[in-house]
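Take a look at this single chain, the form predicted on its own, given in C-alpha cells.
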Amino acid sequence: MTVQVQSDMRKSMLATALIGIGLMAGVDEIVFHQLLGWHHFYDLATPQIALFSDGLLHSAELIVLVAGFFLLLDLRGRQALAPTAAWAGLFIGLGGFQLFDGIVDHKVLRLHQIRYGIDNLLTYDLLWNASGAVLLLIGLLLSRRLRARPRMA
C-alpha cells in the first residue's frame, strides 16, 4: 500500500470520525436534551448553567461537524476519499462519542445521567452503552477489513 493511499485512508477516517462525533452529539443534544428533556450536559448546578452547558455542547458539535465536512470536501475534491475508511470512521465517531458519554460523562465524571426520576437507571445505562459499543464495533470491523486487504506494490 502506498504512502499516499495510507494517508488518504487515514484522512478519510478522520474526516468522517469527526462527522460521526458531531452527529451523535447532535442526536444527544436534540433528542435527549431538548425534545425529551431528560438531562442537560451539566446537571449539577442551576437550570441556567445547565442550559448554558447545552449551548457549549451544541457549539462544539457544530465546530466538529464543520471541520469534518471541510476535510471530507477536500478529499472529494482531490478524488482521494476512501469509502470503506470513511464508513469506518463514521461508525467509530458515532460509537466513540456514545460510549465516551455513557462511561465518562455519565459514570466517571457524573456530569449528568441519562434520565432522572426513574427506578431503574441501569437499563438506560446498558442500552446507551450497548448502542455505542455496537456502533464502535462496526467501525472497528470495517477498519480491520481495510488492513486485511492485500497490499499494493
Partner chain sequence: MEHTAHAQPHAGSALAFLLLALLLGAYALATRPGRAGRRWSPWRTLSFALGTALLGLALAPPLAAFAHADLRGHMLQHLLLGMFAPLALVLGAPGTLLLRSLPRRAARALVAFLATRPVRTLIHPLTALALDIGGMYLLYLTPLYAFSTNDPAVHFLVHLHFLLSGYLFTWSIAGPDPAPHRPGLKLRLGVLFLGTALHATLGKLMYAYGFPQGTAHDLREIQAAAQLMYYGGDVAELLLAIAFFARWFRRSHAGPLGALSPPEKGKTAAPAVTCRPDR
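Residue numbers count along the first chain shown, from 1. Just so it is clear, the structure is predicted and the values come from calculations on it, not from any experiment.
One more form of this protein exists, namely the form predicted in complex with the partner chain; it is left out here, but the text below deals with it.
**Q** Is there any non-hydrogen atom of residue 58 lying within 4.5 Å of the partner chain in the model of the complex?
**A** So residue 58 counts as contacting the partner chain.
**Q** Given that the partner is absent here, does residue 66 sit within 4.5 Å of the partner chain in the model of the complex, heavy atoms only?
**A** Judged by the heavy-atom cut-off of 4.5 Å, residue 66 is in contact with the partner chain in the model of the complex.
**Q** Do residue 43 and the partner chain come within 4.5 Å of each other in the model of the complex, heavy atoms counted?
**A** Close contact is absent here: in the model of the complex, residue 43 is far from the partner chain, nothing within 4.5 Å, heavy atoms only.
**Q** If you check in the model of the complex, is residue 105 within 4.5 Å of the partner chain, heavy atoms only?
**A** No, residue 105 is distant from the partner.
**Q** Hey, of 122-130, 47-55, 105-113, 85-93, which bit sits against the partner chain in the model of the complex at 4.5 Å between non-hydrogen atoms?
**A** One stretch meets the cut-off, namely 47-55.
**Q** Within 13-30, which residues have a heavy atom closer than or equal to 4.5 Å from the partner chain in the model of the complex?
**A** Contacts from 13-30: just 29.
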